[in-house]
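Next up: a single chain in structure tokens, the form predicted alone.
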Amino acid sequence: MDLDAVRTFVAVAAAGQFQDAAAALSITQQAVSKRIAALERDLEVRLFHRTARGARLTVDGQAFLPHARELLRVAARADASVRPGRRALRVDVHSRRTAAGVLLQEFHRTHPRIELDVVTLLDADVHAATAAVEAGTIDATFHAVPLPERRLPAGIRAARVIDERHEILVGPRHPLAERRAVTPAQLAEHRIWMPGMAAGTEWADYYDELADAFGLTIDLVGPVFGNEALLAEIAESAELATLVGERSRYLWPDSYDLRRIPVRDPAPVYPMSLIWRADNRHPGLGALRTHLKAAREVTPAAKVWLPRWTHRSA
């Protein structure tokens, strides 16, 4: 259906005059007449009674009017969903459970007028996500940026906005269950289970370096049945533990009695940066960057452990 003709029909219905509708649409009265005639041919009905006083809707015209208005609303929403500057700010997070997802929700609460579209590019590492930013598919993404060994493409910017400290998650029968905090050295005696981590990703590189630094045993073996299954296994085990970010969100039944114990002295920190395109003029992007900069919690360097490849930009 010709949306210009539909738009013209709605304008004539509102104005009651072909001439007034033409003025409102900045087209000639002849163009209005042609569009309405073409629409009537397509629908095989009369939409207006033409009179000396103007144009009055027929019964069919009255029936079609609300649908015509809805067609235009849907078209406007479709246009706004993809047009930069008019669509929502589109931000990628690896998981809505992580600190990035939590911070985006806080941003939405403090900036409710900025429309936000939170997406998850499944299985996308920093390179795939950066390519999506470069192509304009998304406005920004959260990832660890391994620099200077790997350079960002020209025109892409990154700023470290999250230093996510770790907690160890254990069941009630685990030997560490009653600790208020643990050190990385103490974790070396225990099996840390993190099945399904894809080799070659920046997070796999991070945990490889963490394991080497403190002699940890990080077990990636086993099929992945989802977080709910992982939590159930840990709750029943006296040996299994896993690492989670301190601001990550996990829910489990009270009967699991799982314990989240901070890892300190030093605190391993997973560094995440916001990545965006320098020429992106979306009005919400600057507000997001300002919010993240203000919300960033910086732990004294002497008390944290960071991988050697950490992107240092603030």
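Position 1 is the first residue in the sequence shown; the rest follow in order. If you superpose the two forms and keep the largest set of C-alpha atoms that fall within 1.5 Å, you have the rigid core. For clarity, every value in this text was computed on a predicted model and none was experimentally measured.
A second form of this protein, the form predicted in complex with the DNA, is not displayed here; the remarks below concern that form.
The candidate spot formed by I27, Q30 and S33 is fully in contact with the DNA in the predicted bound form: every one of the three has a heavy atom within 4.5 Å. Taking the partner from elsewhere, G286 is found to have every heavy atom lying beyond 4.5 Å of the DNA in the predicted bound form. Contact annotation for R281: none of its heavy atoms lies within 4.5 Å of the DNA in the predicted bound form.
Contact check for A55: a non-hydrogen atom falls within 4.5 Å of the DNA in the predicted bound form. Though the partner is left out of this view, R247 does not reach within 4.5 Å of the DNA in the predicted bound form, counting heavy atoms only. The partner is not drawn, yet in the predicted bound form one stretch among 60-68, 44-52, 270-278, 256-264 has residues with heavy atoms inside 4.5 Å of the DNA: 44-52. Taking the DNA as it sits in the predicted bound form, the stretch 1-27 comes within 4.5 angstroms of it through a non-hydrogen atom at Q17, F18, Q19, S26, I27. Once you line up the core between the shown form and the other one, the Cα of A13 ends up 2 Å or more from where it was. Annotation: Cα of A22 displaced by at least 2 Å between the shown form and the other one, core superposition.
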